[in-house]
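A lone chain, given as structure tokens: the form predicted alone.
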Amino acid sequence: MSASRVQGIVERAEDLCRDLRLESVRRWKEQNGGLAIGFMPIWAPRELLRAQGCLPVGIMGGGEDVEIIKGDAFYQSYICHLPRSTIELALGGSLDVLDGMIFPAICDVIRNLSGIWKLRFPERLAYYFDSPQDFDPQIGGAFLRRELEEFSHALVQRGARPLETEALRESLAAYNANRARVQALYQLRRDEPWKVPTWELYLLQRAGLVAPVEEHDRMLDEYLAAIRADESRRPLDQARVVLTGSFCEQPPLGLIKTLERAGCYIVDDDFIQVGRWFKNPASLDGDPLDNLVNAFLRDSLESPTRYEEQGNKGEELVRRVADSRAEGVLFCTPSFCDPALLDQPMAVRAIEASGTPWTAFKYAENNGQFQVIREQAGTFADSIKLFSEALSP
């Protein structure tokens, strides 16, 4: 019975992920009358959007479900797949339900996508959100607060509610609770990865990009209760690995399943970072807008989109490997992703210095064939197991 409950929850999450025309968002707008604001991957001020009566909607491209035709006219062939599939969805009407889009400061390609959006959809809000790279509260903090205030004003001009202190405080609390649920599942997978297959956890996170936070909370609670009651899942002799590099363009679901079938327990990953961007709960005391700013400055995940001193690159990855008791690292990076690929050599250097085995491969969101990656990952997992057994007394 518990196994069927888990299956039903995961299928519901996958339906939300594959709803490229955002029908669930359309229903939310009909029921609530608020604005639906899309955002590109990585961080977005979802707390502020919710406080002003808006639904934050994560846009992760079309994956393997969209054939790129019009989108290829906007970008060169050596550009990552995500922006091309996103503009394909927009030109085909799939994103018409959105009242605006946020384009965080990820890379030059996303900056250019914000310009394309303004030209092609001048009636909708297109906001390039330029996050700071100086984390001094008097400099980067002042800059980020002003950016948030200007964005809030732009939302009001489009019909959103004005930002109120208590509404923002309540929204911070709501997303604190949601992150705690996600982190609890990440911890359970770290401790007992056979109970929480990564492909299921991935779908649950993707569903949270389009569902209201309260609905996502219920889904996470139902899943956690179901897997704890499911006694059919048993541990396997698989290699524990950290998967890193897929911070923006997300891998196809088939790739994640392939890695797990190849003998890898993924015990930590970079998927859907917006749902875990703050490592700890944002403070609810004092000015909530200042608290949101301070959480971004002082408590964010390490990311290729955030400045780090060159000598520090890779240190957090080494800590994640140790904390998760991983036996190896998979560098899984989108093709042509400049931020991730430029960071990778420094991360590899840190991993090698720690004595941790690693391997690397690239993907695109529309990949459909994974045999080569399966063989590579399987060989890597086997070598870890053989090596560790050879060293054991």
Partner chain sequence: MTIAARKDRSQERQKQMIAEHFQRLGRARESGEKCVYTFVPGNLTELLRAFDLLPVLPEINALQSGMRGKSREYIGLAEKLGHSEDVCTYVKCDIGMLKSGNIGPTGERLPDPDLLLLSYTGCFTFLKWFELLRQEYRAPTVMLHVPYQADGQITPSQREYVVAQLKHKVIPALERVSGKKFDIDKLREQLRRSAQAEDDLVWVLQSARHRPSPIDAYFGGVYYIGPIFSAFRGTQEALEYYRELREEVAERIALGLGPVTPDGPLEREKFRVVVEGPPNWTSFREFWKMFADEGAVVVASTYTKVGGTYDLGFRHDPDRPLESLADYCLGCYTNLNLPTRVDVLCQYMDEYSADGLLVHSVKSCNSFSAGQLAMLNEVERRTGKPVGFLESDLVDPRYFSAANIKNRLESYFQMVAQKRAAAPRTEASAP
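Numbering follows the first chain given and starts at 1. Since this is a predicted model, take the numbers as computed values, not measurements.
One more form of this protein, predicted together with its partner chain, exists but is not displayed; see below.
Under a 4.5 angstroms non-hydrogen atom cutoff, its partner chain in the predicted bound form lacks residue 294 among its neighbouring residues. At least one heavy atom of residue 362 is located within 4.5 Å of its partner chain in the predicted bound form. Residue contact check for residue 309: one or more of its heavy atoms lie within 4.5 Å of its partner chain in the predicted bound form.
Looking at residue 304, you'd find a heavy atom of it within 4.5 angstroms of its partner chain in the predicted bound form. Contact with its partner chain in the predicted bound form, judged by any heavy atom within 4.5 Å, is made by just one of 252, 197, 281, 132: 132. Out of the listed residues 235, 159, 115, 286, 115 is the one that sits within 4.5 Å of its partner chain in the predicted bound form by at least one heavy atom.
Only one listed stretch (142 to 150, 227 to 235, 209 to 217, 159 to 167) carries heavy atoms within 4.5 Å of its partner chain in the predicted bound form, and that stretch is 142 to 150. Every residue in the set 79, 341 and 345 has a non-hydrogen atom no more than 4.5 Å from its partner chain in the predicted bound form.
Shown here without its partner chain, the chain has 72, 73, 74, 75, 76, 78, 79 in 70 to 91 lying with a heavy atom within 4.5 Å of that partner in the predicted bound form.
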